[in-house]
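You are given structure tokens for the same protein chain in two forms, set apart as structure 1 and structure 2.
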Structure 1
């Protein structure tokens, strides 16, 4: 059975911790509904059964120690159950196994960078194996951020000057959305990332820099063997999507949209609208033509090509883009006339 992106009012359950949190959540909702019906139902019953009647004299009630003991003991017992249950899930969520695969995470206005033990670095996407514990060790280069994966039910603040961590064992392959949940500036809402959960054979191929094929959104069906066989060597996505559209997707996925605009608005970095073919004044006072070489050099060596009036805060993307992605990105920027 294929899980959908949302099950009822909550996201799909991408980890065992998510299942445990949802069980506790459902228990609390059910308990709240039970006592709501009990209290409101009792009120309505008393209103109808004991309405004012001048001919009846109210009976004198002295109270009941047993009843008082019950309504003290029952809520206390329920609160203890909720506390123990919640603590057990919290403890499981915060104590990473000793054999967890460790990935370093750096938050920066307004993108996420991920570093792996094999020396690889990715931006805006973190690749993890399915059914294997993964620990994220996180820090920030500038301000407070928050790393939140709704389908995993985990969230952790990312603080400058110190390390924090979260761990998970992903059980659902595919792409899971991650958000920044601490307001960190103008493009806070654009500080997104994808957690790409790979099957064992895909994880092995990814670590060997081999093609892993298309990855669907979490909960969506994987392509059948017939579909995969029919697309081998044809690369239908490249044929069906223009180079400019591919570049727009790279622009979004690599976080360019967080610091640059395509409508003429200046953000942390200059707008890319109408950039190509113009003379750009650099911080050192020189003017350069914004052609293909300038765009590539600025992406790979941003500190050496800082535009006048802007701070040198852009990280390097050297080695983080394939030649195909670089070509598509330049084609997209050329189209922003």
Structure 2
């Protein structure tokens, strides 16, 4: 147990970013030890050398501008180095490449649901390919949650009413622990998930709904026989239709087709063909990027986002779509190139 506790002060490195994170972290640990020893060491030294002795006098010193300049300048410089370094790693953490494989994540008191392009939905386990960028687009059905994968050194709050995202390129196959890190009530501490990083052949099999066999914890050998049962976790719910197709059905059944087209013609409302990723000019003169959050916002609060040149007649769909329907709808609209 003791060995386990100190096996390393940080978890294994599951991504490239984790490696970069660790160098910065180690630098900070080293620097902190240096300054701690400097401060506490000087105190101890002074305690020993200048312990009260009625025969010795003190020296009347009220300050030194030179020293003050030094202990302002040196820390400032170091802090700037730390800042820049910290920002550059952060930037790498947050800028997802455009070809990242997208998975939609829904947090709900107290479980995690994952939706894939092929229409599958899993709960409590998210399956991802190794060595390929993956982006999680996340939202919540109720209160704040947080998605945290320590081995990848990334974390992001999951907020109701909007999308936030994280991305990673996992380099170590196996199961990685994920936690909810934003307090969400009774079972907050049980709102766990596993990120299952699959090797290429397993990923292919998984996508074809084939058996992939037991998966070990990341960085550990395959568990002994007795433990194999159950390692597969909950069987993924199998949907026959892809996420985009589910979205198309929502689009039809909720009546978007009454006012919108997907072939480029404008009706009562503008066409949705090629909308995703463009800059939209609003009636109030502002330009906004048509991303997940914009589309969601427009569906929930159309009056606040009226597009220039159109009448504000679109009804609000707030409360009429579940989070998974919303995810499917957005996936569909993204597909309308």
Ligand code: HEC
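Residue numbers count along the first chain shown, from 1. The term rigid core refers to the most C-alpha atoms you can superpose between the two forms while keeping them within 1.5 Å. Treat the numbers as computed from the prediction; the structure is a model and nothing was measured.
The form predicted together with heme C appears here as structure 2; structure 1 is the other form of the chain.
Comparing the forms between structure 1 and structure 2 on their rigid core, the Cα displacement of residue 73 reaches 2 Å or more.
Put the two forms on the same core and the Cα of residue 108 is off by less than 2 Å between structure 1 and structure 2. Core-superposed comparison between structure 1 and structure 2: CA of residue 21 displaced by less than 2 Å. Taking the core as reference, the C-alpha deviation of residue 62 between structure 1 and structure 2 is 11.6 Å.
Shown is the Cα shift of residue 49 between structure 1 and structure 2 after rigid core superposition, which amounts to 6.9 Å.
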